[in-house]
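A lone chain, given as structure tokens: the form predicted on its own.
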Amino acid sequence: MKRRDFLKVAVGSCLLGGIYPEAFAQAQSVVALAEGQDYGAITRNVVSALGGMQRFVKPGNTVVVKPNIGWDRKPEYAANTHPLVVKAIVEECVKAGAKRVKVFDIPCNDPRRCYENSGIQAILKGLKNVEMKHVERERFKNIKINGSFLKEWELYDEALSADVLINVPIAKHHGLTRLTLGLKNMMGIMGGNRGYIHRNMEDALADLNQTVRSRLTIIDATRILLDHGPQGGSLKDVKVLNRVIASTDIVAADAYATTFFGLNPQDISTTVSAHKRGLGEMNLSKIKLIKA
């Protein structure tokens, strides 16, 4: 489906009708795909293909942009979200009227080194109304989840209180779940003993994503990590794709990104579990693709 055809269908119904993106995702799962070497431009293109950032961010909103900044790795190693992708999203949020844009993650390596070597901290420095911050331990709140596996958990309150949460993972290999994409990137708002989640990762992630819904998922596949994830460390494991995808349906986004690795959505247990829980569409034949 071409972008212009999608917009013709959507104008009279959901896209300009003030309906929340979650409701739209339930009606029709759409994934926007853009390719090119200008990573800022292709990121803006996928957002535009879904109706523009003004569809998601309203004047005065507080927005949380949640990339993967988990590892002490430079951008070329494909362990963290590319800084140019993050910058484009943040700038679009500000342009749409966001009062404040907060960017953070809970790294696995030393936080200061992760923020610095990811390239994200430097590229956002000086942007008006933008705050890249380290998480503050006292801001975690114990939240009742009552899920299949998780009954309660410490979650970061700035993610919970934001008007808009935008999930920006990088597509990469993971030693336990095969891939880490949008659903797993949400672990970055969790405190506590995250190692416990590995006992039943697929149900834990479905529980988390059922409790905290990202308004928009934008997956960085400008370069992907094919092996030794999620941390990586060798350029031999990196493949440059020059792609970015976006969707209001986190499961559809994960499902489509799976194909970049020569896999099917049903090969990824976290995707299957979320789909069964009604969190989105994983059947590729039911997902409309817009090439932006």
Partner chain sequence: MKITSSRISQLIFLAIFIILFANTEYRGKDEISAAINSFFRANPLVTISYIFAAKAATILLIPGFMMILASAILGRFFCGWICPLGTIIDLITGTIRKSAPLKFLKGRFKYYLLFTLLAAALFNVNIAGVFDPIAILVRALTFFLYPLLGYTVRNGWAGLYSALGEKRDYLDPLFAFLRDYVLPFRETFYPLAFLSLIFFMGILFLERYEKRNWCKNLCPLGTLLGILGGLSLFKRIPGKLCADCGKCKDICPTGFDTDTLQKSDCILCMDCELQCAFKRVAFPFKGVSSIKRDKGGSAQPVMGRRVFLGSIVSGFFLSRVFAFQSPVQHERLLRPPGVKDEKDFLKKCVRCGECMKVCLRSALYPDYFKAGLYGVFMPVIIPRLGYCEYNCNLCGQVCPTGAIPNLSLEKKKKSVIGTAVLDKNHCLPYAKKINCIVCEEHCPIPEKAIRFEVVEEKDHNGKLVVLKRPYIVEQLCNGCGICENKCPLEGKSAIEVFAQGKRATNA
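Bear in mind the structure is a predicted one, so any value in this text is a computation, not a measurement. Positions refer to the first chain, counted from 1.
Keep in mind that the form predicted in complex with its partner chain is not shown, yet the notes after this line are about it.
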G232, G40, G51, P265: which sits within 4.5 Å of its partner chain in the predicted complex by any heavy atom?
G232
Of 133-141, 163-171, 206-214, 79-87, the segment with heavy atoms within 4.5 Å of its partner chain in the predicted complex is residues 133-141
Its partner chain in the predicted complex: within 4.5 Å of a heavy atom of each of R113, N117 and N193?
yes
Does H228 make contact with its partner chain in the predicted complex, using a 4.5 Å heavy atom cut-off?
yes
With heavy atoms only and a cut-off of 4.5 Å, decide whether H198 touches its partner chain in the predicted complex.
yes
Non-hydrogen atom contact E92 with its partner chain in the predicted complex at 4.5 angstroms
no
Please tell me whether any heavy atom belonging to G175 falls inside 4.5 Å of a heavy atom of its partner chain, as the geometry stands in the predicted complex.
yes
Where, within 60-74, is there a heavy atom within 4.5 Å of its partner chain in the predicted complex? Residue list please.
W71, D72, R73
